[in-house]
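In the structure tokens that follow, the same protein chain appears in two forms, which are kept apart as structure 1 and structure 2.
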Structure 1
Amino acid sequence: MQTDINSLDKKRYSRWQKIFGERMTKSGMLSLFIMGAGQLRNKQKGKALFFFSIQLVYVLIEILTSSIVSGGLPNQPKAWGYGFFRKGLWGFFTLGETTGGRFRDNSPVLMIEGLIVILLLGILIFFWIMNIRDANQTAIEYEKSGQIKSSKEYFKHVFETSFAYVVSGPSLVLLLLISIMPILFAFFTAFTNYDAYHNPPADLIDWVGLGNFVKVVQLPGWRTTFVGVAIWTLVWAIIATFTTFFGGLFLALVVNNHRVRFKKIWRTILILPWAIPGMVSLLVFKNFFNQTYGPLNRMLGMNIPWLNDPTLAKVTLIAVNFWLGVPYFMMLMTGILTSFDKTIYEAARVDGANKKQIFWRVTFPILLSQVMPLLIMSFAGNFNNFGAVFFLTNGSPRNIAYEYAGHTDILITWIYKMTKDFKMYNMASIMSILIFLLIGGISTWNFMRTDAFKED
């Protein structure tokens, strides 16, 4: 047992060694408390100034934004006098304490400020570890060799070996604040009671842990809606992807056939649906399929509920999406087919293969390997194809068994309704997380199986 504990301690110690260096030197200990102090002990003034200036900027921001400098306002809450970083952390963990009056707290704003602070502190921790590691390694190398690099040599070495990271550093910081922070906000909203009954800034919101996830699992209405909408979303994404793919492939093969004349004219006609803005086409189709006033029913002399019957509305939705999406795949297949090496076909014919065998054993496998990444992206796009559903059916017809969703709603339109129409931000965030996990998992798994990924 003691042996196991020693072995575990040794492993933990090894992990710390990988982070901070082979062992903790006096220079490393100095940098542990004051960034750049270890480098100053190692007589590297340039590096010392660099690391110390980073810590100084953070300290100055904290001091200059606190009531120590501004003095604060009369009767303001204590937290309003905190500095930028302290107030950000306080706001993130409490989501505010005061409602109404002059000094009311706004919970979503506090959460956003808190996330920004956490990300900025993460950057500080990165440089803090880098500073300790550098001080340690420099001190150890000096003990072994008696030589030490100047700060100028160090920065030159970093610039030459890590040029890509140096120039992309500011972009990465912007990426954290512009892209990662909104994702984190949506993620953490799923763990709050941010809904129509808690509407900031009139009300504060609170952390509820996994309570919202329990609702989705335990409450029959939410569970039924989620399962039903998720299944239809998956079915929709698969059918929409494969119908447009094989439809485009079929049209490309037909147009490229040597018997077809005026190929350019045919391609121009077939690409027109893609050239027209999708929203315009969908609104035209919505009127075209109207049960009462639609031209289609009038021409047929019938009263077919194209968009009002649950099953028929789904079929109509898939058909319209096929009309909109097939030109893209047709042009894509045309481009790939015309780039094939003709000697492959000649070799297959010499081996005795007929046209059917050449297509299924030569053309199709090569074609599939080249378009597989695009096919996966198309699946992900159809999974979140908001426009097609919203502008054609708006999720209708209504499903009385569902919570805030209709028969043709997919997850993304359900989320839109929950946020815009019913202010159920917390439940919408849960669905966003589930979509992210589902799409991310499926896409990653498929990408890793493609030839394009393996050859990279």
Structure 2
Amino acid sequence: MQTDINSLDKKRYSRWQKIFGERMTKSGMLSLFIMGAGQLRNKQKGKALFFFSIQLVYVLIEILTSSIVSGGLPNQPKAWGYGFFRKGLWGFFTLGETTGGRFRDNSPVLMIEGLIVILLLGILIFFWIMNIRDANQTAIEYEKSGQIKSSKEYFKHVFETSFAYVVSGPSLVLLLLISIMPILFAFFTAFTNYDAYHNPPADLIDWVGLGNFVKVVQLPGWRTTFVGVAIWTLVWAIIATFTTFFGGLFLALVVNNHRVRFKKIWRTILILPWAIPGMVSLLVFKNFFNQTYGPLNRMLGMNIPWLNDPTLAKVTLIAVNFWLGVPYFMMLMTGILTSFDKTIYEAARVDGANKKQIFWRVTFPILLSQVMPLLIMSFAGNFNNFGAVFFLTNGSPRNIAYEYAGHTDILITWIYKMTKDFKMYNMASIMSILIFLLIGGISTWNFMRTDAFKED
């Protein structure tokens, strides 16, 4: 197999030739129409049976679940008599046609069934292509060498490799059903009118194309909210990352200073916020900064609106995040600083650099290059830092100009509110897609640079 692919690469075949084999043979043509037929012509019975039975399972499921076998019911709409696969596709494309009654269509359920069907059909197409490619390759090999590998050899090879599939099978099924399918659902929801005014199963949901995207751009309320929230999310993520990074670096340097005694005790105190669950700390701080009853204002004898003034609430949020986030970076920097090669310092000192120069010209650049991936991950984390905003301010104070969002809401908490409290599923999905494009893009770029990826 390996050599085949390599030789194909060398000869610069087109993409189709790479997928289906060097050229279409008669066996390939047979397999194109009936899976396994080409293999039978190639006199590989085992393989033929393997591919044919995959096809058979799909066909049987379709027939057995349709009204051909179970019979139709009175007043049953046509679509309800379709088999599993046809009904799934019908449901996905129409999102249902009838409301009420016994055969009422539930659009989200239809969409989910449709997605499962599409994923299953994708698997079928994969096997179909494998079947054509195999038929072609075997036939061409036979023409060249006059010999045919037996199915046995093929299955031995399959068995060798199948260990990987068997072992990771449960994980793959779970991923397909609980990760991929829901994400696809959310993606497609962005193109529907699934919102507070359409409540399935009482109402049907329809495809609206790019209508929701147009709304975000054109309707002033949505546009203002989106631009406002997105800018604050970015500002928040940048400031939150930088403050915790430099705060952690500063503390690490201070604690590592030779003048400090009982380093271990100081360090334990300073990493305490990292050990306390973030949710608890945040809820505690919410009360700590309470304007009327909170201990801080009582202690100061003042009435400062820590969390009730739009600007001050943002500052408080960043300050609390600093409290929560500094220890992690402090620990990390301490680890990196102690693992540093001391000879670099010596070399710099010999060259006549003073302490300040050594730090900013030698230590800091090395440090930065080592923590860069972490810094980017931390940025992505803060960008989606649901907990900090939700538990501390819950987006408040209110912003009258915004749709379903407050002054301190970031994109992710806005999405949560739209989903949980206001049932604006389609708009929430749009924002999820946007977040994904941004954060996914940054993370992928960040990751592509590491050699972990290049190797495989």
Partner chain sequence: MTVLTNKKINNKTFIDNVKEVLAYIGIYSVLLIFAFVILYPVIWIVGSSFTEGSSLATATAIPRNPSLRNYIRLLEETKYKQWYLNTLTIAVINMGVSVVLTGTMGYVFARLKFAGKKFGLLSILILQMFPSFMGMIAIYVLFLNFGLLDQPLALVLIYATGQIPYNTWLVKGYLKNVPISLDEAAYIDGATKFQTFKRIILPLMSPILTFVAVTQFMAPWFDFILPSFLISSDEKKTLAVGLYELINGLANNNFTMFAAGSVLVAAPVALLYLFLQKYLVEGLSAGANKG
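For the two forms, the rigid core is made up of the largest set of C-alpha atoms that agree within 1.5 Å on superposition. Residue indices: 1-based, along structure 1. The structure displayed is predicted, hence computed values, not measured ones.
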Pick out the form predicted on its own: structure 1 or structure 2. 1
Yes/no, I442 Cα shift of 2 Å or more between structure 1 and structure 2 with rigid core fixed: yes
Large Cα shift (2 Å or above) at N394 between structure 1 and structure 2, core-fitted: no
Rigid core superposed: D206 CA moves 2 Å or more between structure 1 and structure 2: no
With both forms put on the same core, how far apart in Å are the CA positions of Q76 between structure 1 and structure 2? 2.4
